[in-house]
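Quick heads-up: it's one chain on its own, the form predicted on its own, in structure tokens.
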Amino acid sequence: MAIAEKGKQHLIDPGICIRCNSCEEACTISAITHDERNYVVKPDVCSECRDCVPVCPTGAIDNWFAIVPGEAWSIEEQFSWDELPAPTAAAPPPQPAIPQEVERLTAEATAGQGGPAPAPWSAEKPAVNLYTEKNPITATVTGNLRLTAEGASADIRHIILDFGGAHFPLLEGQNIGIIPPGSDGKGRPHFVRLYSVASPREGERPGYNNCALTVKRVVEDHESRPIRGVCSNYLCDLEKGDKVQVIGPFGANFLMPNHPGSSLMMICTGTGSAPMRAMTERRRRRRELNEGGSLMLFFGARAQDELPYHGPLMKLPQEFIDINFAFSRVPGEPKRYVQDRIRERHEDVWRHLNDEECYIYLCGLKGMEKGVDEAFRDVCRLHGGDWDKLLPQLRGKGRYHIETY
């Protein structure tokens, strides 16, 4: 049955199509044709196989409009278009459902703040759920670098995935889903795992269609009991040239502001540094634009040799980013956590909390949000404020975001 008979229609956006002919070559059932003006999809032939989606370099091919069954736009009508018709309010373009496991993981990650807060008002509109478990995108590993010292107890990797010519737009703060190969002890396919993107929207290398992940090899649980993380070990063992099945992107809330003058306060531990690295690198690449705003980072780890990206961070000038490390397992020194550093910097923290242009991001191990919450409460109390009243205001304005795992 053609998809137009099911109440939706596959259309190509003539406004961004570059007429490369990739889609028509990829279609095995001859559902795509063209004239001197437009590439179009035959509504009575297209079966929604989506073989044409990964090869489109601009994403022009990836449009699925809700229609009244049997009332599809003809190819003659499509040939006459300069842009896609606007979808009606009663019939928005259908989107594939977010996988239940992704929804569960997202709910757990944002539970520490009572669910996701709205994105900053100026955040770029994200693409979400372009590739599903039934239709994943295949990425190629182009880099796998150990970030922590060889003697460190944590093996944390910087892994670069390349998507080739496929359309896979990502924003700082978004996640991608990785499908590890194989099955569990009961013969069921492994569940998808989510990983925060550690590179800015232009890619790990500007001009290349790739992204970076920050992955810790899991060999024990939170109670230090031996356990082998299925997906983390799979990713950490990958070599250049290996292929990875990816779904997503996911995430429409934990996004950075785009407007000039906006500031960021970032609080993280371990691999929770991934979205912070993406945001910091986005700002670093745009320094010469003099857009204003400041960066303040609170970064916790057991020790310096377990701190991802320590070397690159130390190369950044102090006038660009205010860095505050907290190490909890340094021999001969008292344990220090990010909440302790927040209290030490209470004057600047209080100023940022009351700055309408400052956006706050927290990412790391589950439970850390409680300590940070108490630290903010102490800072507010010290300066005559009320954290319990301020927090809902920050959340409502898209200024306070939490993702813990």
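This is a predicted model, so every value here is computed, not measured. Numbering starts at 1 and follows the sequence shown.
Absent from the display: the form predicted in complex with a small molecule. The rest refers to it.
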Which among 120-128, 329-337, 178-186, 75-83 is in contact with the small molecule in the predicted complex, heavy atoms within 4.5 angstroms? 329-337
Using 4.5 Å between non-hydrogen atoms, is L170 touching the small molecule in the predicted complex? no
So in the predicted complex, does H158 come within 4.5 Å of the small molecule, heavy atom to heavy atom? no
Does G364 make contact with the small molecule in the predicted complex, using a 4.5 Å heavy atom cut-off? yes
Distance check, R193 to the small molecule in the predicted complex, heavy atom within 4.5 Å: no
Exactly one residue in C211, M256, I247, A274 has a non-hydrogen atom within 4.5 Å of the small molecule in the predicted complex; which is it? A274
Quick one: from K315, R228, H222, K134, grab the residue that has a heavy atom within 4.5 Å of the small molecule in the predicted complex. H222
If the criterion is a non-hydrogen atom within 4.5 angstroms, does every one of K216, G270 and M368 touch the small molecule in the predicted complex? yes
